[in-house]
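Just one chain follows, in the form predicted on its own, and it is written as structure tokens.
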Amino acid sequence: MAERPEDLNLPNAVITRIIKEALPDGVNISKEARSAISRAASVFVLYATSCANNFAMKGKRKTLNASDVLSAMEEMEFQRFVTPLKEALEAYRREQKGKKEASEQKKKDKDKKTDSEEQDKSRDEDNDEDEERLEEEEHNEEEEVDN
């Protein structure tokens, strides 16, 4: 847990970026207003987390999950945000699934490449052995002819 209340505040850089993205171009915000929004956002996050934790506890779980957060939003009377949050969650899950599949495909490709390289190396070794055997046979034939 945080030792000081300030430790619970969201990073100023993150808050500033969110504010700039939300406001039209050319609109400025005072440092005081940015600080107030930062504190309000931190309080909101703590409250939402507390409500979501209550749902997890009702389910006899220690881990909060997305359904806990969505239920908390409804309980906090933020129903209008539930649908956009569900859509964002689905997009996040699709993105993660795509990344996982890409990673698995990359691993399969790497394994195939490794297998192919090993086969090439084995063929090269077999060819080297064949060449050595042929050279030895030629050498033996030359010795027989000389005798």
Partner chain sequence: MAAVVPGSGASREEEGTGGDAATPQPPAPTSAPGARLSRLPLARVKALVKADPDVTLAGQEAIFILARAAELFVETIAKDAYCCAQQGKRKTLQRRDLDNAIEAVDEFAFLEGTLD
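Residue numbers count along the first chain shown, from 1. Treat the numbers as computed from the prediction; the structure is a model and nothing was measured.
The protein also exists as the form predicted in complex with the partner chain; that form is not presented, and the subsequent description refers to it.
**Q** Considering non-hydrogen atoms and a 4.5 Å limit, does the partner chain approach K110 in the predicted bound form?
**A** Output for K110 is no: heavy atoms all beyond 4.5 Å of the partner chain.
**Q** Whether K106 contacts the partner chain in the predicted bound form should be assessed with a 4.5 Å heavy atom distance threshold; does it?
**A** Residue-level check for K106: no, no contact with the partner chain.
**Q** Wondering, does A33 line up within 4.5 Å of the partner chain in the predicted bound form on heavy atoms?
**A** Yes, A33 sits close enough to the partner chain in the predicted bound form that at least one of its heavy atoms falls within 4.5 Å.
**Q** Does the partner chain come within 4.5 Å of any heavy atom of E95 in the predicted bound form?
**A** Because a heavy atom of E95 falls inside 4.5 Å of the partner chain in the predicted bound form, the answer is yes.
**Q** Can you tell me which residues in 21-58 come within 4.5 angstroms of the partner chain in the predicted bound form, by heavy atoms?
**A** Result: E21, A22, L23, P24, G26, V27, N28, I29, S30, E32, A33, A36, I37, R39, A40, A41, S42, V43, F44, V45, L46, Y47, A48, T49, S50, N53.
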